[in-house]
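In the form predicted on its own, a lone chain appears below as structure tokens.
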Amino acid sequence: MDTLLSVQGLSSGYRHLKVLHSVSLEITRGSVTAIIGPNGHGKSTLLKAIAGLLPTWTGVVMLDGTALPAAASERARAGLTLVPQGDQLFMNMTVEENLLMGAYVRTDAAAVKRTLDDVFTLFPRLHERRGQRANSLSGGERRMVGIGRGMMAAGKLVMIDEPSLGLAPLIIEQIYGALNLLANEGQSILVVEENPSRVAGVASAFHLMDGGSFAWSGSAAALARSSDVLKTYLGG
């Protein structure tokens, strides 16, 4: 196995509130890994801690066998990309300007242009709206911009927090269709979702988070067989 990301004994939280309790996680290069579980149990906090937006209280985060620096900006330069939950866009900037902001750490203009073309191929609607301001977009279009901006960083690992949150079923299908295409192209992805059925066709490994630690880990097939896990933690 070719390990891309290794998280060992990670604890973190907010000021005096400890949310993550010695979490360990390994992600194989080219794989899609899903963090699932009920809301309020540390899934988003885990992504923020890996990205360096929250401090590491204990443990270590390693990328390609190298321990990452604490600063979020340096982790981004090393190849970690976070697509945060919600519509955290620059609302007075155009779609294209928002996308190009994702490439701020890159210096090869020709390569950036190729990635921008890839984003527009993956999300044709964004090409149609490339000159529109972000504040004029629908919720689904904003989510596409967020994912596209994450792609523009050309990182080693893209972490996506709740890509389907608050979207209509048809838009969710489009979003996950795009994620599936990225996965087929070899992009390593870590995705947080409350509902495992949405990522079942994309992710190969699942980790169920409860109370700031993993209560269960396994493959998609193992999760499908674990009706007691689904019923206990997810009500399914």
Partner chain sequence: MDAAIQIIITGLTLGAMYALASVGLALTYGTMGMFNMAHGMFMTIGAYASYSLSSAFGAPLPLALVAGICAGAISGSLLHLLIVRFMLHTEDFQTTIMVATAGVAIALQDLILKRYGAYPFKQPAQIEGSFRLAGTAISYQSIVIVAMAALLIGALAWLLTYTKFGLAIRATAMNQDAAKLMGVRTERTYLQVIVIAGVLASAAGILISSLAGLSPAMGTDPLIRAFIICVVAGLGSVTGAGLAAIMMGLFEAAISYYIGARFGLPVMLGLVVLILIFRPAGLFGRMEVVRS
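All values derive from a computational prediction rather than experimental measurement. Numbering follows the first chain given and starts at 1.
There is another form of this protein, the form predicted together with its partner chain, and it is not shown here; the text below is about that form.
This chain is displayed alone, yet in the model of the complex one of L89, A154, L122, L116 has a heavy atom within 4.5 Å of its partner chain; that residue is L89. Looking at V158, you'd find every heavy atom of it more than 4.5 angstroms from its partner chain in the model of the complex. Contact between A183 and its partner chain in the model of the complex is not found at the 4.5 Å heavy atom cutoff. At the 4.5 Å threshold, heavy atoms of E97 reach its partner chain in the model of the complex. Using a 4.5 Å cutoff between non-hydrogen atoms, R133 counts as a contact of its partner chain in the model of the complex. Figure note: of the listed segments 23-31, 169-177, 183-191, 45-53, the one touching its partner chain in the model of the complex, with heavy atoms no more than 4.5 Å away, is 45-53.
In the model of the complex, A72, S73, E74 are the residues of 55-74 with at least one heavy atom within 4.5 Å of its partner chain, listed from first to last.
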